[in-house]
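Taken one at a time, structure 1 and structure 2 that follow are two forms of one protein chain, written as structure tokens.
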Structure 1
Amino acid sequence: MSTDPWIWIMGLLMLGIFSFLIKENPFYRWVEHVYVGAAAGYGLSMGYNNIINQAWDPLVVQGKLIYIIPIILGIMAYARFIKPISWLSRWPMAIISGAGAGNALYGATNSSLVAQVKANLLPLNSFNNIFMVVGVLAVMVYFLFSRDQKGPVKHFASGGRMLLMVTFGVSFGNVIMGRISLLLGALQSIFGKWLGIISL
């Protein structure tokens, strides 16, 4: 059994979280509050470090005056709490929304359209490439609603639907395996690091 007090704290907090499986109880609620408080404290410290590293040091220490623009915009965002000048907070919010929309549009277009089209422009020189291209075409035909799916088109679309079901099953299996691996890691910490029942 471990003699490290931090390992004991970890083990007791994990037991508190797992106690929810039996019934919601005060111990679980207390651990939940500790987790939320620790996350808030960590976020606060990270925010402070970001201010020092990305605003104060470049502006004051390194003398990069261009950084005064995002600092002023950041201060303007807090103007919404002062009624007479609350309209000033619209400027930084507009810039953040515009930049966010532009990044999201580029990212979605690049990853969902361009990258996937490039990934499927494969030379038909192997079974894997042929299967990939035919599978993508079958899935696209399944979502083709502009004409009736009859005859060979219907069978091709059915193959696309089966491929979609397999893909969804694999995705769900990956999620389950990820959750199980997290559970196994927690159990290893409890029975290995803390209690010493199993050897790691």
Structure 2
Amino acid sequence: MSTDPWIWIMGLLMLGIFSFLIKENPFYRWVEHVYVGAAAGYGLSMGYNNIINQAWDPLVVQGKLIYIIPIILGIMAYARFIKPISWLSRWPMAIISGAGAGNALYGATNSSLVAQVKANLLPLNSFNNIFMVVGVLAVMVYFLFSRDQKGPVKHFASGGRMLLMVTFGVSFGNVIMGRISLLLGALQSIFGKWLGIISL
């Protein structure tokens, strides 16, 4: 069993979170608040570090005057807390949204559309390739709403729907696998680091 007080705190906090499985209780709520507070404090310290490293130092220590523009924009974002000048906060938001949308548009078009279409232009010389191409077409037909899905189109779209169901099943299976991994991690910490029953 560990003699490190921090490991004991970790173990007790984990038990506090797990106690929710029985029913909600004050110990669980207290641990939840500790988690939120610790995360907020950590985020605050990282934010402070970033202001120093990415804004203050380049401007004041290195004399890079160009940094004045983003710093002023950053300060303007806080104008929303002062009612008479709250409109000023829209400018940095507009720049962030515009730059973000521009970046996303370029990246999505190039890497998520063109590259994916290219990746699906496969020679139909193996079962896998045929299945892949037909599957992509079937799913796309399922989302074709500009005409009634009747006759062969309906059957093809139904095939697409089946493939989507299989994909959702795979996602569900992955979620279970992921959640068991999280439980496993917690139990390894409790039995290994804290109680010393298993060696890690």
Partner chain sequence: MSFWDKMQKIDRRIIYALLVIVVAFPLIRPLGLPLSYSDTTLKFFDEIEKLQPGDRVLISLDYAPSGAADVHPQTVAVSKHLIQKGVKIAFVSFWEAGPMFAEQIMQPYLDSGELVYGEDVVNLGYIPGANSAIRSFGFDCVGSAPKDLNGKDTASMPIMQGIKDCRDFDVVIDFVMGSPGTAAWVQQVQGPLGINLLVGSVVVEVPASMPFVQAGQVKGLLQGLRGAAEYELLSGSAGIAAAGMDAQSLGHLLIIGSILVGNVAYFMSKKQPKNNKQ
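Heads up, when I say rigid core I mean the largest set of C-alphas that superpose within 1.5 Å between the two forms. All residue numbers here refer to structure 1's sequence, counted from 1. Model, not experiment: these values are computed from the prediction.
Each structure shows the same chain on its own, and structure 1 is the form predicted alone. When the rigid core is held fixed, the Cα atom of His33 travels less than 2 angstroms between structures 1 and 2. Core-aligned CA deviation for Leu144 between structures 1 and 2: 2 Å or greater.
The Cα shift for Ser158 between structures 1 and 2, taken after rigid core superposition, is 2 angstroms or larger. Fit the two forms on the rigid core and the C-alpha of Asn110 turns out 4.3 Å off between structures 1 and 2.
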